[in-house]
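Next up is one chain by itself, shown in structure tokens, the form predicted alone.
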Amino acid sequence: MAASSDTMLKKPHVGKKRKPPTRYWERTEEDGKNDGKKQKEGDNNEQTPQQNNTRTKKGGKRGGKRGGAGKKVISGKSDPFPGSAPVPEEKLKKFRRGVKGELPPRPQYKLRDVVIRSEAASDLAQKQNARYDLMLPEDAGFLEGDEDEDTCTISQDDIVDAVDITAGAKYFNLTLSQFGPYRLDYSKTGRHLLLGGRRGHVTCLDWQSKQLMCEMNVMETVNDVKWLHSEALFAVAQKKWLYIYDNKGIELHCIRKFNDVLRMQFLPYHFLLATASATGFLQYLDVSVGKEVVAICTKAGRLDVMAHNPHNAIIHLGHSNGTVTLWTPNQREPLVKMLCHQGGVRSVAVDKTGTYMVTSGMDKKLKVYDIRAYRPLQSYFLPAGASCLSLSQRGLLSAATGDIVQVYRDVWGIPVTKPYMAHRAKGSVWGVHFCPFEDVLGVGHGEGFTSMVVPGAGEPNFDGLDANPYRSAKQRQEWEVKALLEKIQPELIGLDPSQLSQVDHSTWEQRHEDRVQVLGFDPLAKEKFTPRLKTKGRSSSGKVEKRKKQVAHEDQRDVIRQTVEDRMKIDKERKEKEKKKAAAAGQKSALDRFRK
């Protein structure tokens, strides 16, 4: 017994107080050498049974998982930065998907579980997008001048001399004086350019590699050109009808229902081509099936000013009386009608977020509107007015006046006193368009086409699943199939796209009224009583009328019951009021003693 007690006293039951682990940035070279010696000595020593037990519990796998702040792994070192890296709140706000709604009550447990899972997936997608946004390679920049130097005085030649060869090659001129002036359009990926001359010249090319895809002359007036869902098809609004061509210049369709088309806009997520004609008709063509969706008579005369809102796919039309109207294929009347100018509207542009609209009119004014509240934010006076407007992905505004193209920055914020950049074209400008994902502004004029370098115009990072400028032919085909499967129906176009995710709380009566209005009759209405045909003279006209009178009161039974209930309710309320008045009159007060 004594020997065993001595041995127990020799073994201390309390271990030595260990020092807290030092961080890797606090260690010196000598500490690192000592750690290496300790590790070699520890490898020669036998493992304790506790360590063996922990290894057997973990399944005998080598290495360990990253532990928390106080946990250690098999290697014996603690993680200096435990857990996942924090995400900045600003990045989370950028990818936030609306406001979370209230959960359904507990009895609806299935719907509650579905909502909880969808919100968890939305939160995970928001965090992952914010994390990947930190790794994006490109940043947006702007043109900055030297001290006391205005950026609008910097010419395109000065910019080309200062930038690298690749960026400098984006500034070029195409001299096409024979068939001008030109309208232009860039594809959704920003890699292909489509030009249409007033005198019939149509060409499309890969403007970055300067590779010509097709060139032709349609031998009649060309009013507008527009790329469709990909760079394989484009539409040309010619003098009489609308034509569809492929990128080899082969005519695929001649749509004679669309005549005298002046302007076109394409809705990429709906596969709809919206056209405005000289006869005052707004028409929608579904390019996936080749059918006309709707033709709306605007009753506003010639339509030569058109723009579309990328956020909600609403079409904006400018009219000669100074108004701008907002249209959807679901209604025959305009959703909104705004009086913007005292003269006719010359051009309209809407930013990609669907928040701001910029208009220019014959009154030589350029106005910025907040579409959410339908009120003007800023108003600028231009000496000669602006004939063409275009907004870039980063919010730069280009305004063409005669042969001068001016670019403005932050027009809806602080009032702008001078342009950000300016350039004089070789002829009168007929169309301007910013290239997606590039700091390039295309200008179509009477002498051909000019590609300007505008620093800070394009979005620096693109979504490869939506618009990939470097995709191959196979990737384009796969994207086209997926886009067709995800096509949005025209019935879902509205002013507020967020309403699609909300629950419809309309009552049964409201839904029934809408159904009656759509069908033109009440499907739940009772059929009128028709007497059954009887034999042996019992179906004479007199007896039939007698039978009709016997059941005539049954149709009015519900109405009579409702009127009786309403009358009883009114009588009951009147009696209660009389009782209250009598009770108030029966109460005694201190002033009753003075009454005679």
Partner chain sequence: MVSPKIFGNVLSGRCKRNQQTHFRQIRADIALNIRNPDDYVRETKLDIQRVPRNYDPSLHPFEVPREYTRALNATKLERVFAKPFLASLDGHRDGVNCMAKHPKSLSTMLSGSCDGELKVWNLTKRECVRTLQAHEGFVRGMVVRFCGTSFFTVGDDKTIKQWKMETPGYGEEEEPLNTILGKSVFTSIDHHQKEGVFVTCGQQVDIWDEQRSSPIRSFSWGVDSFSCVRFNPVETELLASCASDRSIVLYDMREATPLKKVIMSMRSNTLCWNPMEAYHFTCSNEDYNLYTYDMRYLDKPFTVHMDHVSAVLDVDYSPTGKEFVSASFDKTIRIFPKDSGHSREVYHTKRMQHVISIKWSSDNKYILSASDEMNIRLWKANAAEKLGLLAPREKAAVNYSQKLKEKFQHHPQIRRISHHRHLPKSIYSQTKELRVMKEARRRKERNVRKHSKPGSMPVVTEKEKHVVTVVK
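Residue numbers count along the first chain shown, from 1. Think of the rigid core as the biggest set of C-alphas that the two forms share within 1.5 Å after superposition. These figures come from a predicted structure and were not determined experimentally.
This next part talks about the form predicted in complex with its partner chain, which is not shown.
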In the predicted bound form, segment of 211 to 219, 266 to 274, 247 to 255, 376 to 384 with a heavy atom within 4.5 Å of its partner chain:
266 to 274
Look at the candidate spot formed by E102, Q510 and D566 and say whether its partner chain comes within 4.5 Å of a heavy atom in all three of them in the predicted bound form.
no
Heavy atom within 4.5 Å of its partner chain in the predicted bound form - residue from K239, R112, K127, K487
K487
In the predicted bound form, the residue from K364, R199, K426, R97 with a non-hydrogen atom within 4.5 Å of its partner chain is R97
Any of the heavy atoms of P455 lying within 4.5 Å of its partner chain in the predicted bound form?
yes
Can V518 be called a contact residue for its partner chain in the predicted bound form at 4.5 Å between heavy atoms?
yes
Evaluate G446 for contact with its partner chain in the predicted bound form, applying a 4.5 angstroms cut-off between non-hydrogen atoms, and reply yes or no.
no
Going by a heavy atom distance of 4.5 Å, is Q475 a contact of its partner chain in the predicted bound form?
yes
Would you mind checking 147 to 169 for residues with a heavy atom within 4.5 Å of its partner chain in the predicted bound form?
E149, T153, I154, S155, D158, I159, D161, A162, V163, D164, T166, A167
Superpose the two forms on their rigid core, then report whether the C-alpha of R515 is displaced by 2 angstroms or more between the shown form and the other one.
yes
C-alpha of K426 moved at least 2 Å between the shown form and the other one on rigid core:
no
For a quick test of reading the superposition: does G98 move by 2 Å or more at the CA between the shown form and the other one, rigid core aligned?
yes
